[in-house]
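The form predicted alone is given below as one chain in structure tokens.
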């Protein structure tokens, strides 16, 4: 186990700045997620840390070791690739043993470590099979076993679940989170899937155009996004444009709708309201942010329903609620149905 220190890391390809002066400290035993859209620099960062891509400038350290100029094989890093990168001509045992043999460990220790790693991913009974005889989820677990068999200081995961189908992705995601906590190994994972990131990550690093936009726990980023990009990338969000003067608590939307907030510290021209924070009811009250609305879109999602409720002034709010909630309140989810939409002033967050 080890900490990871990244200082002023920069990578340029011609005129394109892939990573722009990135600095980051990863705690010992932490599961950190590099999250962002394609081309934001997250995979380039991971590959510079692994030693596969040379940085233009900056410093990298694993624990107390400065690895900035070290080749990959000296960094003691376990790396799991997006496409698994298993050797098709080798058995599962030999795939997991590959890194150990390169380190010229005694045969008895190789056997012990391989079987220990395979047992951790629940594949000890399949060591004699070949990759083509295994499912995608099993191959991914073999790749993880190979990475941890060398007992690395840190574990790097490059979109490890992206090639799995939706149901299998959830299963392997659960196993990956449980394994990381069991081993307590410092882990950095790259993904563009926000749900995946929020589920497994202790902290998230949201990136855009090579720069860090915000670092924090999933709850911190969800409830207090630093800017519009973070608010739009972490969870679903309703944006309302308008204005609020510094020191005031009433936000006036461009449409004319007045929305109460609890923030009075700064001026802003936009607020966000999360879909889950919006209540639906049949009767209007005198409470703040209680509006008549009409359903203009409705999508059934199993136990949940996602609707778009439009106010008389034209402001449209996406609302995610449960079938039971609507049924208990005697509300219909059909397009054209009328209801009352409300949310607390605390839920209207200034950007």
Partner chain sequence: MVQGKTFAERLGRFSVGFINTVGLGICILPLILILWLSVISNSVLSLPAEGYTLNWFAEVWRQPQFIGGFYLSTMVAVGATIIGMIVTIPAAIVLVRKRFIGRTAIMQLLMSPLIVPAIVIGASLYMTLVELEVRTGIPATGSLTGFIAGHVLLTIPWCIRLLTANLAGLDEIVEEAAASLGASPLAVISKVTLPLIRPGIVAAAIFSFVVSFGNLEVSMFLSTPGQLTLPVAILQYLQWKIDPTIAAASVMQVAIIGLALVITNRFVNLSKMV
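Quick caveat, the model's predicted, so the values are computed rather than measured. Positions refer to the first chain, counted from 1.
Omitted from view is the form predicted together with the partner chain, to which the following refers.
Among 106, 88, 247, 256, the residue placing a heavy atom within 4.5 Å of the partner chain in the predicted bound form is 88. This chain is drawn without the partner chain; in the predicted bound form, the residue among 225, 99, 235, 218 with a heavy atom within 4.5 Å of it is 99.
For the partner chain in the predicted bound form, the listed stretch (159 to 167, 248 to 256, 206 to 214, 77 to 85) containing residues with heavy atoms inside 4.5 Å is 77 to 85. Although the partner is absent from this view, residue 150 contacts the partner chain in the predicted bound form, with a non-hydrogen atom inside 4.5 angstroms.
Using a 4.5 Å cutoff between non-hydrogen atoms, residue 72 counts as a contact of the partner chain in the predicted bound form. At a distance threshold of 4.5 angstroms between non-hydrogen atoms, residue 300 is out of contact with the partner chain in the predicted bound form.
In the predicted bound form, residue 146 approaches the partner chain with a heavy atom inside 4.5 Å. Along 35 to 62, a non-hydrogen atom within 4.5 Å of the partner chain in the predicted bound form is carried by 47, 52, in order along the sequence.
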